[in-house]
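Given as structure tokens, the chain that follows is alone and in the form predicted on its own.
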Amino acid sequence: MSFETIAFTVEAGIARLTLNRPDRLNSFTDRMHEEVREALTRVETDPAIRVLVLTGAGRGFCAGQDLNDRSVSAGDAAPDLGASVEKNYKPLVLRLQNLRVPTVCAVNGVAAGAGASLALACDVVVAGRSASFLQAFSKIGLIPDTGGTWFLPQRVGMARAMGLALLAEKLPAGKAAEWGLIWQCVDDAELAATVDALATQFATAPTRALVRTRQLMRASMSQDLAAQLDAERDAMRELGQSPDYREGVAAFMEKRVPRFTGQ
């Protein structure tokens, strides 16, 4: 597939997926969904890729769904928005949450609607200071989708999640970091360098251990302590037999930088 709505590159173990419709604030169309699916398939099947960086082109990260891609004029049949969620947004979030490599989201400018939830589906979110997060669904008679009703309460608590969703107020990146919605807010001029440094770190890290950590962190939200301890035991048993564990211990003992392969 030749990409028209995204840019996708791979270099030094780092895959970069850029939503590339800057004239429409990188809002989603069916075509963009198809191209993102293709890019994620490449990430899933290329063992040389060790991390995915997701960002947007131009002055914004993603404004969510492009409403021009749907017909809602008077007299038209009502669109089945549930079908759109089932076909596009649900599998997109689940693929990001279960990707075989860690994910870093660089939020430049506004992340609105599904775009805000898309960012929160990544493992680590870094935003420029001029960026903001907006759940604008209530303004058009909808609910926060793309995992919005799941991510928000878990990240910032029910009171703040309710306010963001019901009032549809814009949340500046600095406050998003203070509230724990995202990992970090940096000056706009530092965003690219900060994300590059994170991506480079992840591209040379023990990939399986990072992904298992993600899985266990998320599992902790739905199971009790005993079950979590069992899951930790199983993960330690698995990772203790990995080449990266042996390399990590050897590097520590030899006082050198480890050379992880991610296997």
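So that there is no doubt, residue numbering starts at 1 and follows the sequence shown. Keep in mind that what you see is a predicted model, and the values were worked out from it rather than measured.
Same protein, other form: the form predicted together with a small molecule, not shown, and the subject of what follows.
Novice: Decide if the three candidate residues R24, A63 and N68 all line the small molecule in the predicted bound form, where lining means a heavy atom within 4.5 Å.
Specialist: Yes, the whole trio is in contact, each within 4.5 Å by some heavy atom.
Novice: Using a 4.5 Å heavy atom cut-off, which of 159-167, 79-87, 120-128, 180-188 contacts the small molecule in the predicted bound form?
Specialist: In short, 79-87.
Novice: R218, R59, R233, R31: which sits within 4.5 Å of the small molecule in the predicted bound form by any heavy atom?
Specialist: Selected residue: R59.
Novice: Tell me, yes or no, whether I140 is in contact with the small molecule in the predicted bound form, where a contact means a heavy atom of each within 4.5 Å.
Specialist: Although the small molecule is absent here, I140 would touch it in the predicted bound form, with heavy atoms inside 4.5 Å.
Novice: Is A173 one of the residues lying within 4.5 Å of the small molecule in the predicted bound form, judged by heavy atom distances?
Specialist: No, no contact at 4.5 Å.
Novice: Are any of the heavy atoms in A114 no more than 4.5 Å from a heavy atom of the small molecule in the predicted bound form?
Specialist: Judged by the heavy-atom cut-off of 4.5 Å, A114 is in contact with the small molecule in the predicted bound form.
Novice: Is V110 close enough to touch the small molecule in the predicted bound form, meaning at least one heavy atom pair within 4.5 Å?
Specialist: V110: contacts the small molecule in the predicted bound form.
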